[in-house]
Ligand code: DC
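One chain is shown next in structure tokens, namely the form predicted on its own.
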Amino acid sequence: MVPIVTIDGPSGSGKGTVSKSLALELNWNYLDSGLIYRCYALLHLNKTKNILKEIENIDHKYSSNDESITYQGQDITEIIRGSEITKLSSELSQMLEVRSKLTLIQKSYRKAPGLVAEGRDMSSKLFPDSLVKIYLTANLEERVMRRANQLRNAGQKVNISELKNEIELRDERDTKRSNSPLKQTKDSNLIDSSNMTVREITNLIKKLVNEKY
């Protein structure tokens, strides 16, 4: 079986940054499940036909300090990270029909030599056989500031109070939804990233990988 690391956690916990860092160091494949939902939301908003087929045509390139997402020659990196798509993707992710469709796409990422998969139900639903499961979290204030910096770096204006409310609402939706809610599984390793660097977290997870695989 292809080895896999699953990293789940709420918005702003740092799971995307850590997952990319880990995937690059291990030279494994990387699945950003949230990106799949964001792309679905964008195509849904644009009333695109054959959405599932078109999602496969989206190109995701990343490095340790950069990321680009393109579709039909257009850079959509900032668009899908914006508040409108964030809100819509969160709402769509609660629909069982949508989750069922996108599950097949996400599972297709599991290829040799290994996979680092991050999201909200990677450990509990998508890849329950993972030997290294991580639940990454951080305090609310830290998560709000991280999200604010991400939006500012994308050239967007930020209202901290509104952003905090948005994150709290998303936390509530993610943890209380009936379909694949965000939760820490019994066999997940809890990591609080509030006062940790990406390097420290990456090294900690790599140690677990070496122990299990």
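Owing to the predicted nature of the structure, the values given are computational and were not obtained by experimental measurement. Residue indices: 1-based, along the sequence shown.
What follows is about the form predicted in complex with 2'-deoxycytidine-5'-monophosphate, which we do not show.
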Could you confirm whether Tyr37 comes within 4.5 Å of 2'-deoxycytidine-5'-monophosphate in the predicted complex, counting heavy atoms only? yes
Find out whether any non-hydrogen atom of Lys164 is located within 4.5 angstroms of 2'-deoxycytidine-5'-monophosphate in the predicted complex, and reply yes or no. no
In the predicted complex, does Arg81 come within 4.5 Å of 2'-deoxycytidine-5'-monophosphate, counting heavy atoms only? yes
Is there a non-hydrogen atom of Met122 within 4.5 angstroms of a non-hydrogen atom of 2'-deoxycytidine-5'-monophosphate in the predicted complex? yes
When you measure heavy atoms, are Thr17, Arg199 and Thr202 every one within 4.5 angstroms of 2'-deoxycytidine-5'-monophosphate in the predicted complex? no
2'-deoxycytidine-5'-monophosphate isn't shown here, but in the predicted complex, which of 152 to 160, 66 to 74, 26 to 34, 51 to 59 has heavy atoms within 4.5 Å of it? 26 to 34
Residues of stretch 174 to 213 in contact with 2'-deoxycytidine-5'-monophosphate in the predicted complex (4.5 Å, non-hydrogen atom): Asp174, Arg177
